[in-house]
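We've got the same protein chain twice here, in two forms, each standing alone as structure tokens: structure 1 and structure 2.
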Structure 1
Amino acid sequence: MSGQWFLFSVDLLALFGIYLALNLSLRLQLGYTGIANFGLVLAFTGGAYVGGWLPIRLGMWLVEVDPSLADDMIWNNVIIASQVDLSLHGSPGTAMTILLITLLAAGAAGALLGLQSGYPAVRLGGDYLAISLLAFGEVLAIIGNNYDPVVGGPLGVRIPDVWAWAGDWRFMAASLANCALALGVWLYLDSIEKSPMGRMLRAIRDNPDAASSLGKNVARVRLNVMVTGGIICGLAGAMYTLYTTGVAPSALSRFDWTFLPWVMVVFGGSGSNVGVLIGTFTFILVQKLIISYKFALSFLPFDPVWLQFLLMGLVLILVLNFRPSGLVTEKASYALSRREMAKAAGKESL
């Protein structure tokens, strides 16, 4: 395998992990409780900002860096980051400490953002909620783009590389870590699926009124789900930043981090993890291929990047027309197996 293909696959894997985690969080919210979160980008951006703000400060504190540089963290950003990088090369322990603390903080930020956007909104009906979340999704982008101290304004900042210690395997390690995050979320969803909690969530999705008449506090449960979803998005945002070792508010767009996940989930089907996985993989691959072969299309009188938008839109329309529940559809989940049910029913009729 040539080096170029190796890099291509590793980057594919990294993005795949991030998007899968994000998409599973969308599935948790949409597939289980019917919350159409069109503001995924909010918590993701929150996590990414934490990833852009915290590691460099932790790094300065944990390793030796010229303290006078701290006078202007943004101006001296690149110098500090490379100095921290230098020491992180030899100390995986410090790097992993930074990673863990950052993830904790990013998760907390995600939870907070989930709570903040969910609180006024969970009582609203389906599409109202969706639209408000879409609008709130813009808030952090506006702040990040205009308030330099967060992550350096529209151009962003560079951050220390917590994977520097892995040397040549740096990209591989980061990619695998991203996939580990996705795997964790996957297992979490799987465990919910089979629990009474999962059935309650689906009951709330299918008929909120009936669920609330059965004594379930629908608003509360929805809020919990939004907070959980926010945590996952926050973690994904931080992992993404740590992988790319940089963050720029202008790159955290509604298209990339809200609409694209929606396309993937709707395409694959929000009813199952496998569907989400298939949708995620397909679109990451397509996106990477378009970007890789961009130059082959340079004869066009426009930027080939727009073909990607065109493609996503068309695929989405086709799927919605011909297979609205996505490629993979939901299976009903029963508390008892078929046989047990038949047995119970049989006894009753005796």
Structure 2
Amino acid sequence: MSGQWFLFSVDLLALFGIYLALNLSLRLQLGYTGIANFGLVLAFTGGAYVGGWLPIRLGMWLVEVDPSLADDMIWNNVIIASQVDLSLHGSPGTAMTILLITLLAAGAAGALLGLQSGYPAVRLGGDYLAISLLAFGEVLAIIGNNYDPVVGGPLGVRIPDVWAWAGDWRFMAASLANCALALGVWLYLDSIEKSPMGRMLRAIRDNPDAASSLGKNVARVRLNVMVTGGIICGLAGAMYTLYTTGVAPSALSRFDWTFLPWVMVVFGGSGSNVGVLIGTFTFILVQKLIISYKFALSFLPFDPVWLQFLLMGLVLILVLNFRPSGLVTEKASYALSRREMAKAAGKESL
């Protein structure tokens, strides 16, 4: 039983790290800047595709693999990945090299996709912006399913395990790395919370016309935020692929990687990092518990697989009706601390 709970906790930690990073990117775009990005799946899928395409080719180049297998890498991907894994078991340096290069490429792909989707859309507002980004989110799903050389088409591909060197602690190492990514994004958002950049983003969110009248290039700022959010989503997509050691377009659905993050962020509160954390952990925990104990829920008058969706819809309706700002509301931020403002006010009164 303890072993089952350990595996449950490790997998929960891994998914929590991925979703928290993804949701914090939505917090940056929606909570700070007011960009209703319903196309999160675009940059996330781009990073996942990089994670499915690049490591196996880097592995063949860095370790000894039968060169004849390269003639059809899609068909032979399982054999190639298995041979690379044998070399990575005793070579953490090579594995980390593959990991770092893949993450750099995934971040670049996310930035490019954020730029391409944001450039024609950032001048729009409200529903038009949301619908445009929603449409962009479907592009890579169509390409991945219909063009096999990307990630093997609908069946997907198996990729080398960059955490193979950790042995029995493989899943723990991967989970901690996912959480490290989320922590890095958290610290980045926290650094701009009280900075002039953070106040400018909130000004654009609350009143873009007023911000524009004060000389701020609203379209350019929004585009920069889209690119930054794309980088975060791309890194999250690559880390997810490297954790699962495989990628298939069917696993990168709009529901899982756009709508579900939106529900988590709305539930926790898009105006607070803590709110995003609470919303993310709550939904991931409930999802894992339903999957693990679905046989114990056989008394329900419907298939337990639908329980998550029903609960998600119910929670969303309740939150939007009774607490539209989420569980944790946004707190006012000041350029100076309260003590410094009181001191400044005292000097002025003199």
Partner chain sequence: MASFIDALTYSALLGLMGFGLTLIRRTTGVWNVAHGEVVTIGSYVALTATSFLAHSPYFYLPLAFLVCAGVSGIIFLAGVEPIRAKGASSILLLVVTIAISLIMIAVINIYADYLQNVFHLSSKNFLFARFDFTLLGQMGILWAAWAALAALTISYYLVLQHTRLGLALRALAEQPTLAVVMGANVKSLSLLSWCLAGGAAGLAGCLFPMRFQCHPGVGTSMIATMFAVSIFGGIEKMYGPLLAGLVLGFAQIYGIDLLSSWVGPGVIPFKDLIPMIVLLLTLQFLPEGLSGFVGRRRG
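Computed from a predicted model, the values in this text were never measured in an experiment. Structure 1 provides the reference sequence; residues are numbered from 1 along it. Here the rigid core means the biggest group of C-alpha atoms that line up within 1.5 Å when the two forms are laid on top of each other.
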Form predicted together with its partner chain - which displayed structure it is: 1
Please determine whether the C-alpha atom of Gly34 is displaced by 2 Å or more between the two structures following superposition on the rigid core. no
C-alpha of Asn321: shift of 2 angstroms or more between the two structures, rigid core aligned? no
Once both forms sit on the same rigid core, is the C-alpha displacement of Val286 at or above 2 Å between the two structures? no
Can you give the CA shift of Leu297 between the two structures, in Å, with the two forms fit on their core? 4.0
